[in-house]
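One chain is shown next in structure tokens, namely the form predicted on its own.
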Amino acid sequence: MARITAGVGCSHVPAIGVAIDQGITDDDYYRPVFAGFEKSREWIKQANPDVIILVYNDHCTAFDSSVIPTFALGCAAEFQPADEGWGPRPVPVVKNHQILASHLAQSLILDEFDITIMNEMEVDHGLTVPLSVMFGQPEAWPTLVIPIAVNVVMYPPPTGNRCYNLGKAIRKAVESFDEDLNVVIFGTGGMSHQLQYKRAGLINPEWDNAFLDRLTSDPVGLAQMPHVEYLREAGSEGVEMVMWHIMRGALDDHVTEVHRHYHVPASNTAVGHIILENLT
């Protein structure tokens, strides 16, 4: 059967993608950001996933205020890169595992998660930056990718608990798929940051690192965190962190923390990254 072997949490700061695309990752400012991903690139080569399920949020590229699904599952054959305001990044087209994506849609909907099925969708930096920090600049992405877009842009976003349970449902769906596939799931976004109004530039390293600690050791308790705490402690965009619960819910209750990286700042955002492996 297919199985989820590991999870990756990763910020998707657009400036990181710009630094990669412009070849400035070794500049004094960006060098410590990217140094923390060197071990990650070696790890993912060894992990060699057949499929990545990548949980991210769209930034008004595929969706706008007229239609914003809470959970949207990409079921198209491929997804063209696009972005809001920057133009599309010079990265490979994202190729899907359509059969597994269709199986996920069926399993999740019959498991009573109201998933929006996307048979056409562009993907922005929320999805492509995590791929770039893990794989560099290949001619083609070395693995198939199933996108799951989560609304954290317009109120109300889903709760951490709902996301955690969605992760469990994703694992159930993957393990019922009758093909031998090594699947890694990504939860992206965050960490603490606020992009506007009086608290613009807010970064909270203490909160961020406590979140990473609990993601490994106390995922059930962490998933109960209310939206107002993300807003108060991690800024208006800190609510993106609910997407990491989907990744964590898809893993074992007890996991091995393989690698962690945290750096402030990249642009005006804290960069967080973690790799967790299942014990079984």
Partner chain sequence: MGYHLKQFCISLGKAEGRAAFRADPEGYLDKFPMSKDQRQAVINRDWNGLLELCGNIYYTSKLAAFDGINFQDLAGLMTGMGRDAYRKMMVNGGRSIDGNRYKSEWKDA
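None of the values given here were measured: they were computed from a predicted structure. Residue numbers count along the first chain shown, from 1.
In what follows, reference is made to the form predicted together with its partner chain, a form of this protein that is not presented.
**Q** If you check in the predicted bound form, is Met154 within 4.5 Å of its partner chain, heavy atoms only?
**A** Yes, Met154 sits close enough to its partner chain in the predicted bound form that at least one of its heavy atoms falls within 4.5 Å.
**Q** How about Glu84 - does it come within 4.5 Å of its partner chain in the predicted bound form, if we only consider non-hydrogen atoms?
**A** Glu84: yes, in contact with its partner chain in the predicted bound form.
**Q** Against its partner chain in the predicted bound form, would Gly201 count as a contact residue? Criterion: heavy atoms within 4.5 Å.
**A** Output for Gly201 is yes: heavy atoms within 4.5 Å of its partner chain.
**Q** Report whether the minimum heavy atom distance between Val264 and its partner chain in the predicted bound form is within 4.5 Å.
**A** Yes - in the predicted bound form, heavy atoms of Val264 and its partner chain come within 4.5 Å of each other.
**Q** Can you tell me which of 214-222, 243-251, 59-67, 41-49 lies within 4.5 Å of its partner chain in the predicted bound form, counting heavy atoms only?
**A** Heavy atoms within 4.5 Å of its partner chain in the predicted bound form occur in 59-67.
**Q** Between the options Ser176, Gln196, Gln80, Asn119, which residue brings a heavy atom to within 4.5 Å of its partner chain in the predicted bound form?
**A** The option sitting close enough to the partner is Gln196.
**Q** Whether Tyr29, Glu237 and Thr269 jointly form a contact site for its partner chain in the predicted bound form is the question; each needs a heavy atom within 4.5 Å.
**A** Contact check passed for all of Tyr29, Glu237 and Thr269.
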